[in-house]
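Given next, in structure tokens, is a single chain: the form predicted on its own.
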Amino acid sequence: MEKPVTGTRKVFMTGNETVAWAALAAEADIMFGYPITPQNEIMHYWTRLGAKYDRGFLQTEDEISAGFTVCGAIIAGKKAFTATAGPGNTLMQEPFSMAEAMRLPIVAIIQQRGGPSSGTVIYSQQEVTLTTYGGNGEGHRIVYSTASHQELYDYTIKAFNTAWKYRFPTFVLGDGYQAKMREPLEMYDPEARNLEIIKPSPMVGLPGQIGIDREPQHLCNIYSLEEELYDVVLKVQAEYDGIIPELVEYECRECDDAEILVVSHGVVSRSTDDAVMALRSQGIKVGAFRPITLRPFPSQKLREILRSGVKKMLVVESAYGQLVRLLKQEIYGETVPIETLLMPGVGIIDADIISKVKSLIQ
């Protein structure tokens, strides 16, 4: 079969188109989905590209069905994925929770939109809480927050490998701006960069006789006894905790001597970087910390930075405190004062951050 991406080439495309190409490069077999803005073009591009490269697609009757069909395909040994946003993300929490319980390597691309409810279809960072701790479980998930089209490509490929390696639901968190705008990036064949593509394997229909040739599969998400569920949750939590050092990712800019630390994620971090450079040119000791993994959160590194001389922390997000709540939970006990710049559903530019930082100094 013809490889969709060979070598390395520079392209100029939308974020949604980037995701479709990345899923092909990651050797995804099939996508299940239901239309919702701003992720629609992921489906549209996938149906065109998938047909060319012998990949599958099914539009289900709603997002709940899309999530469960992904789970079923994974159990059958297919590298399946979905993409959604806003209300679709809400509806998919039930299959995402089942994937947590059954340790299914589901991959979902979340192109955030503004809420509550159907909200707006433009832009927001208001799906952080839902994506990191949605559902009726303990949040045994892996969530990458992307800031550029290059990262949408890189982390979509990485999400498939991470999901199938560790068997936890894995999410790529983008937004409406990234979904719709165009910008340059490099597309590459993962193998050309010595990136191993982890192959899927079925969980049912395995050869051999149970009890003689192999152990039985326990794909369970319902427990009759409280004590049984207790033991399962503690076991999964211990396994999750054990892989955190391998998973956490972050970026630091000018953190070594920062007196004010700006914390942001996703596309907002691009404005933060510009603001930090402008403020540094004026002699203001400001730094930027960006968590790339929102779950698990890089709390240990952030604690180290805060203890190195930071006097104030400014959390900037296009939501009303979703990153703040997550951060407070993860660094509980630290005493650096926290200030906020909260602009739910609104694009944040460097001037907004510069003005806020200067007001903190005054």
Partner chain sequence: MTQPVMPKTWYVPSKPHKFCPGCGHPLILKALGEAVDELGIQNQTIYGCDIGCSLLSWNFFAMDSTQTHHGRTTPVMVGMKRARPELICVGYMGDGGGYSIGSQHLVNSAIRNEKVTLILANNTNYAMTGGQLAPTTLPGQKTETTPFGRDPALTGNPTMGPEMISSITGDGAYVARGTVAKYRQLKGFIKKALQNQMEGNGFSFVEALSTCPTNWRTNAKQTWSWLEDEMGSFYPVGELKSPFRKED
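Positions refer to the first chain, counted from 1. Note that the rigid core is defined as the largest set of C-alphas that superpose within 1.5 Å between two forms. If you're wondering where the values come from, they're calculated on a predicted model, not measured in any experiment.
One more form of this protein, predicted in complex with its partner chain, exists but is not displayed; see below.
- The contact with its partner chain in the predicted complex, taken as any heavy atom within 4.5 Å, belongs to 102 out of 279, 102, 236, 255.
- Checked against its partner chain in the predicted complex, the candidates 205, 184, 116, 283 yield a single residue with a heavy atom inside 4.5 Å, and that residue is 205.
- The closest non-hydrogen atom of residue 72 lies within 4.5 Å of its partner chain in the predicted complex.
- Within this chain, residue 58 lines the site of its partner chain in the predicted complex, having a heavy atom no more than 4.5 Å away.
- Although the partner is absent from this view, residue 30 contacts its partner chain in the predicted complex, with a non-hydrogen atom inside 4.5 angstroms.
- Residue contact check for residue 122: none of its heavy atoms lie within 4.5 Å of its partner chain in the predicted complex.
- Partner contacts here mean any heavy atom within 4.5 Å of its partner chain in the predicted complex, and among 257-265, 175-183, 214-222, 154-162 they occur only in 214-222.
- Residue 207 shows a C-alpha shift of 2 Å or greater between this form and the one not shown [criterion: core-superposed Cα displacement of 2 Å].
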